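Coming up is one lone chain in structure tokens, specifically the form predicted alone.
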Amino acid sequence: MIQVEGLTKYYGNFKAIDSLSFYIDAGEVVGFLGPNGAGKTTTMRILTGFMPPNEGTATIAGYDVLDQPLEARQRVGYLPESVPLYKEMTVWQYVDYVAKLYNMRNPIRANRVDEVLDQVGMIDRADSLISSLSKGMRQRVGLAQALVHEPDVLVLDEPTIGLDPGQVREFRELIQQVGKEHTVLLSTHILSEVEQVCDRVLIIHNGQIVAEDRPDALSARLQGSHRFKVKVGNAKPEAIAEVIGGLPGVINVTSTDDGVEVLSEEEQDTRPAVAAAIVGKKWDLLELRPLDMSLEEIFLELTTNDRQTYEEEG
């Protein structure tokens, strides 16, 4: 649905994105992560036809954004970080105005405006002036204008920035709903947002993709080892660490307030041996669970300057 090959963009002598390549399949909700200045917004502006690249190609639903710009734009809905709303218009007037720009005709256009306002929870405020709306409601109007022409692809640039926690939760639910019917590329700095709503994550750093996978798969590959938590009911952490620290494949055992964390070699599952050693001591094994890297840890690991570019295996 989205195919990017060798995309490069310069601002003067500064290379904002560098030979960027990735794909997004139909029906996927993909998180686009990266520190400020990494190239996220530049990539999104190229995909939505707001600027051309210096090199490379990008297609939306099979249409090249350079060679077939009108066809590509018809198939993408864009919610920029700052939504360009006309505050003197009512909600209905504004979304209808955007629908007219896509050459939608009545009565189909009027029915579609009502439908999309209902979808984003703004049908009751259709006659309200945009100037009277809260930040969260304005974001909903922005999403409505991105959806009104029924695009195949939605590109959302920091859609929850500036919202209060309640509005963030509501907007995430909206993204999950529209993600059932559209391909979504979601740029955000909120890592928990990606974990909650995205099927896959792209991490960009210094204009290049440094990771592309599911968050759980990234965690497994980047750790290079297995970590798990052990909690025992009738033994001190120091005693547990002493018993299992010498088992084959165990790299390190760290005491915690309520148990130990075990680090073992990547190719060796030491959990059965650890469990057997604890049972052999007649201790009560209360917990033995894996500890994965959080998305925040993955992000920091991949966006440090000395990190090698990660490439998905297979």
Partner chain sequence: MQFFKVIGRSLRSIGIVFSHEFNLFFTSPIVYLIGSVWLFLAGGFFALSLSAINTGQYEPDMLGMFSPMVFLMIFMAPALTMRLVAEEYRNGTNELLYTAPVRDWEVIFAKWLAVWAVFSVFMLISFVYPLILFSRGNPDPGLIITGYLGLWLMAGATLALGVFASSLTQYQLVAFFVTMGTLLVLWLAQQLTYIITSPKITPVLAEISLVSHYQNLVSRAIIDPIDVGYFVGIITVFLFLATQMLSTRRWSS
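Everything numeric in this text was worked out from a predicted model, so none of it was measured. Residue numbers count along the first chain shown, from 1.
Not on display, but discussed next: the form predicted in complex with the partner chain.
Exactly one listed residue, out of Ala126, Val232, Val178, Met89, brings a non-hydrogen atom to within 4.5 Å of the partner chain in the predicted complex: Met89. The partner is absent here, but in the predicted complex a heavy atom of Gln74, alone among Gln167, Gln208, Gln119, Gln74, sits within 4.5 Å of the partner chain. Partner contacts here mean any heavy atom within 4.5 Å of the partner chain in the predicted complex, and among 56-64, 41-49, 257-265, 273-281 they occur only in 41-49. The partner chain in the predicted complex comes within 4.5 Å of no heavy atom belonging to Arg214. Interface residue remark: Phe171 is not counted as part of the site for the partner chain in the predicted complex, having no heavy atom within 4.5 Å. The partner chain is not drawn, but in the predicted complex it has a heavy atom within 4.5 Å of Leu101.
The partner chain in the predicted complex comes within 4.5 Å of a heavy atom belonging to Gln145. Every residue in the set Leu70, Pro84 and Arg105 has a non-hydrogen atom no more than 4.5 Å from the partner chain in the predicted complex. Residues of 3-35 placing a heavy atom within 4.5 Å of the partner chain in the predicted complex, in sequence order: Lys9, Tyr11.
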